[in-house]
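Presented as structure tokens, the chain that follows is alone, the form predicted on its own.
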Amino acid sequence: MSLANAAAIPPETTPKSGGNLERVLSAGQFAVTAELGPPRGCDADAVRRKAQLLKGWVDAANVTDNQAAVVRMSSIATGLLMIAEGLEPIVQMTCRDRNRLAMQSDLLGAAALGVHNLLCLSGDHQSKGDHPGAKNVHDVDSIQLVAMVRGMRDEGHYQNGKDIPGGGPRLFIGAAENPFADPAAIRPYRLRKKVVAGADFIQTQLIYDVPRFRAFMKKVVDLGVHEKTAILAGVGPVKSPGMVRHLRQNVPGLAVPETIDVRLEDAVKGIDDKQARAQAWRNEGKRICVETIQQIREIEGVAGVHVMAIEWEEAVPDIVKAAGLRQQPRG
């Protein structure tokens, strides 16, 4: 990738968070983040194992917050276990589960314990999860959450305007964007709203249709949004034709070209053994992901990639190496 295409976050005299992800992006380096899903129970060793798989291969890793509206270990507690293992967390916070008091309280605690990064999300609807009768909070929306955290950090005040004793939490603020969600025409403008609210970085939904993403980024660049935030394109390996069907049917606004189905079919031609077919699908899924990263690196305004290998963290080092992002883990 030419350095001319690399997008860096605007330079700051004083770091916003002091974290590794901010340093990488401020230096104009192509960032790599991944995702670590907390366990359904309280097994700390499960977190440690996943953290060791990702450590050194990524600049930071997202910790999901009750993903898919399913109860999991606290994202903040999981993040602390990751820090102890030498992996910088990006703690997710959804608007679904907390009101503004609980959000601000959790953010103060997270920052006090060494968390540097926050990703602000709406959250999957609770009716889709394991507690469909739970109450949907949404006291604030994701854009308001971004603005609230920025006010806490930069202005040193709570959402009600009162000062935070000793100053606010030093957090690098992230938000998410789905480039293809309907109505697709407004997505670049909605992204701009999040950046105006205070998002320092953006992670997108999974990208499989690179031409459509390229068109989206052209509009983002035309608006100048890439000059005010760091955009990390979401990528992820598919494991099987069944996963492709699931993505198409259950993830709104996700564009998965039929060429992926063809490649998965071709990958198992002449293979009858069930295990061998599964492995062939996974290998091809990783190859598709690597090719997608290589194409995305050439798109103006992209500052990095967010690798979402869902419950498949061991695939991340292979993908990172094969894509030429780094050949060995950073110390």
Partner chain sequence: MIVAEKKPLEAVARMLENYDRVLAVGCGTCVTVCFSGSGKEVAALAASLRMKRRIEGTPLAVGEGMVQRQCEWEYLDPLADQVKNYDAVLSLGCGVGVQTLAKRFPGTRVLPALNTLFMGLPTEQGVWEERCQGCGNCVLDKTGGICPVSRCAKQLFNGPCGGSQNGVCEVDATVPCAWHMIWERAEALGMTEALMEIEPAKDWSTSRDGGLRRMVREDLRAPREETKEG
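Positions refer to the first chain, counted from 1. All values derive from a computational prediction rather than experimental measurement.
Although not depicted, the form predicted together with the partner chain is the subject of the following passage.
- Query: Since the chain is shown here on its own, which stretch among 239 to 247, 125 to 133, 110 to 118, 74 to 82 would lie within 4.5 Å of the partner chain in the model of the complex, judged by heavy atoms?
  - Reply: Looking at the other structure, the answer is 125 to 133.
- Message: Taking the partner chain as it sits in the model of the complex, is residue 163 near enough to touch it, meaning that at least one heavy atom pair lies within 4.5 angstroms?
- Response: Close contact is absent here: in the model of the complex, residue 163 is far from the partner chain, nothing within 4.5 Å, heavy atoms only.
- Tell me, yes or no, whether residue 170 is in contact with the partner chain in the model of the complex, where a contact means a heavy atom of each within 4.5 Å. Output for residue 170 is no: heavy atoms all beyond 4.5 Å of the partner chain.
- With the cut-off set at 4.5 Å between non-hydrogen atoms, does residue 185 touch the partner chain in the model of the complex? Output for residue 185 is yes: heavy atoms within 4.5 Å of the partner chain.
- Within a 4.5 Å heavy atom cut-off, is residue 157 in contact with the partner chain in the model of the complex? Result no; residue 157 lies far from the partner chain in the model of the complex.
- Query: Though the partner chain is not shown, can you say which of 197, 152, 93, 202 has a heavy atom within 4.5 Å of it in the model of the complex?
  - Reply: That would be 197.
- Tell me, out of 181, 215, 221, 102, which residue has a non-hydrogen atom within 4.5 angstroms of the partner chain in the model of the complex. Spelling it out, the residue with a heavy atom inside the cut-off is 181.
- Message: Does the partner chain, in the model of the complex, lie within 4.5 angstroms of each residue among 56, 286 and 322, using heavy atoms as the measure?
- Response: Zero of three within 4.5 Å in the model of the complex.
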